[in-house]
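The chain below stands alone and is given in structure tokens; this is the form predicted alone.
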């Protein structure tokens, strides 16, 4: 795809070549994300972070990524804090904000809303999640994490075996990741969910028609054996019609160290798009997994900054200029000094 000036709205935009380009640039961002170097390649540029749903990792990592490239960030974090609360349309909001910004990141609770917003924006728009529909940058950072984890085990991305667990109906990260993985050869998807929360049948048929193997499981233990990746998700309770309905599924699948040891291969990678539910009787990932070296959830969050830096650099056409604006870090950073040990 042509990145310069483009919106990033859906994983359908990408092929393997464009994904490789993103990952190559992400690798190049490591010295800046690790606080080993500073770059000011986007000095003077403005990001408008428009988040109309709760967010911690996505919102802050987008802001950090832009700051690490030297740009400035302006944020709106609630509908009631914007003119949308007064009845302004998304398209009018886009026309206005794109006059104040060089790039916009948007999250909104309605499917298709970010695309509607982008249709009248005069600057690139990146989709940070549109309801239950898609979360393309989460899928990219997940795929980047999978690539790095597999490379450390001497493996490639083709013939991957992945178990996806939990709320697969409303989990937009799952929807986007399944589509991206379909670009590789003969992936085996093991979908572990209650029947009511399974992946859409249309998506399953698309995966099978593309030559991939898809198996359905209603018990976690039967689905996590013989896989390279266990990708766990929380119940997306905000998407359910009422809290009582969501409560029926909370804590239905819970992975702990004992279950992992008994049913998973020794090097199976554990992933989760976060946040994970830490409330009693609701944990998808037990705290006793925290010392498991195959738990990659915090490597995922670190990788999110790299991938989002890469997307900004590509969309704003500075990917080949980043190092020309670099200089040493002047302050103490724990990560930088830790990497010397």
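These numbers were taken from a predicted model, which means no experiment stands behind them. Residue numbers count along the first chain shown, from 1.
There is also a form predicted in complex with a small molecule; it is not shown, and the following applies to it.
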| property | result |
| --- | --- |
| Partner-facing stretch of 66 to 74, 288 to 296, 270 to 278, 35 to 43, counted where any non-hydrogen atom is within 4.5 angstroms of the small molecule in the model of the complex | 270 to 278 |
| The small molecule contact at residue 138 in the model of the complex, heavy atom, 4.5 Å | yes |
| Contact flag, residue 172 vs the small molecule in the model of the complex, heavy atom cut 4.5 Å | yes |
| Non-hydrogen atom contact residue 58 with the small molecule in the model of the complex at 4.5 angstroms | yes |
| Interface membership of residue 234, the small molecule in the model of the complex, 4.5 Å heavy atom rule | yes |
| Contact residue in the model of the complex, from 179, 147, 107, 190 (heavy atom within 4.5 Å of the small molecule) | 107 |
